[in-house]
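Two versions of one and the same chain are coming, encoded as structure tokens; call them structure 1 and structure 2.
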Structure 1
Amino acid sequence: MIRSVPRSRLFDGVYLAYLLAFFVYLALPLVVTAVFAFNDSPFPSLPWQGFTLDWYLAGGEGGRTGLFHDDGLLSALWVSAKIAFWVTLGSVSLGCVNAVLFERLEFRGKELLYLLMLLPLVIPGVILGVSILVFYSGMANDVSRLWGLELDIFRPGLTLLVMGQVAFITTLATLVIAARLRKFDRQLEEAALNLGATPLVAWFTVTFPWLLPSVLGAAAMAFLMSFENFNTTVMLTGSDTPLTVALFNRLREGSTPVLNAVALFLMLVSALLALTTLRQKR
């Protein structure tokens, strides 16, 4: 809204009510999920039967196994963390290279290449996952049939899953880092070169520190997007099951408060990571 434009009290009241309803709509499912993570009931539903920490700490007593004693969920959590780490490393590294490519260099076909980089953003995750699976699995099958070589890295598994997630998360990391690089004063680099620094030294001592807030922001975004991704992950996962797929499999068997406990744990970790990134930027 433009503050200089006069507004009636009715308009202010309606606008405030809209904002309140919007944020309640966003937050209410999260609040309900968090509350039922502590409900002393085998089902995440009303009526409320008392407060309990069994869904986090129970070790099998009374037929209850909490999150921190559930080997299946903890294993899936570790798998997702490993995937997110490698996806973050690959996406941010490629994002820095792409940012320099599109912001510093001029070459024929640059606009077309930029559009191709943005293409994964408009492709549904399921379609992207299926396309990657069909292409690489078909290539691995052809190589195995013609030359007898087994390219297991191109079959469903952690390697192919990381490659699939990097394919679209790199685009977002590039946009974040390139937006920061666009504001950089290149005279600072030129001054470092005039003082005897090599281009590589100038990059790591002058340019990269300027980009560091955007790099950290892109890394946090890439980690969270990889960790919570389901559409692409479910198509490319192998024997090692990530957390999102494990939760989906558990949910098909019937919802339990353990799933609410996992959701609350992830919400707190995500919020902590976001706050840490904001503090680092400041």
Structure 2
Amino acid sequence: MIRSVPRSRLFDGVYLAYLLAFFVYLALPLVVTAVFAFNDSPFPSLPWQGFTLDWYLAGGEGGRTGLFHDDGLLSALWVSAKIAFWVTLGSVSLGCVNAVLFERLEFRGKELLYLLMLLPLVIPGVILGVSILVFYSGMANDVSRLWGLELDIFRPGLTLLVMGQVAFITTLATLVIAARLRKFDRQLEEAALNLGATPLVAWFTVTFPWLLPSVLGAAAMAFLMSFENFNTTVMLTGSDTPLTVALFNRLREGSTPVLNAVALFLMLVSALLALTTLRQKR
């Protein structure tokens, strides 16, 4: 079934119908979520009652609290942003170092270490969260019991959340950056060294600028993955609830159009982030 092999009209028709159905399937859940963020009804369901911005702007009048006045959701948004910032910083820096390590240096046991680097990809997110909880929180419990010292930093909370997410996002950042480093022409760097640059200067003036698009791409990906993660996050959440966990708790109490408003807001932010990195690449 390639372009040069003749196809029947019927086959083409069926194929196109399938493509169309596929893209409808992809778009439908997101479209309805977005549309009901503006429905003037306390429930996100048909019939359509008219357009409203209440689910963003209402400040408690008529029993409606919009997203921008909902302190619980806004503080959860802020918690998620903080976590995502630190996760991005940590996993992208580690990713840069790992990429240079595996693409540029030769050492004994490299194959084995590379497989270890890939390992987090084949561990379910729940298990990553559980293992970090058991190790660090268990350690904090033991220390508290044996010596009466409180290691609050290792209790469920922001630090553990950042650690749990860095554990697997680093692998993805490494793969993105290493793929770009592999395409780099090393002669450029050698030219810089021949012209008298020190290795560090050559790295920052020649190699790093070449890597920059992939570093930015990895950063956008890391930020989104951290922001949207649930499975690892829910195991490590302390008193400060990140947005996905807060939304999940709300959803179990029953759905309101405020959830749709948050969902649409998140989609727009992600789309914006994705578009800027796409533009960077060109």
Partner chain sequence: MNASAGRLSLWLLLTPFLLWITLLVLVPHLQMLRVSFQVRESWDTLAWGLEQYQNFFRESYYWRTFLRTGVMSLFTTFLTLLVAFPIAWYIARLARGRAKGLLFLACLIPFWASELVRTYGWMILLRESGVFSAWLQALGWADGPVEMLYNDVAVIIGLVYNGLLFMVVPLVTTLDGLDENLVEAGYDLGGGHLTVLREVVVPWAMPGIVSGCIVVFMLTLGSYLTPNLMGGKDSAWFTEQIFTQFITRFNWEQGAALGVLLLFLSSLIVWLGLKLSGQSLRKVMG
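Under this definition, the rigid core comprises the largest set of C-alpha atoms superposing within 1.5 Å between the forms. Counting starts at 1 and follows the sequence of structure 1. These figures come from a predicted structure and were not determined experimentally.
**Q** Eyeball the pair and call it: which is the form predicted together with the partner chain?
**A** Note: form predicted together with the partner chain is structure 2; the other is not.
**Q** In Å, how large is the CA movement of D12 between the two structures relative to the superposed rigid core?
**A** Between its two positions, the C-alpha of D12 lies 2.4 Å apart after core fitting.
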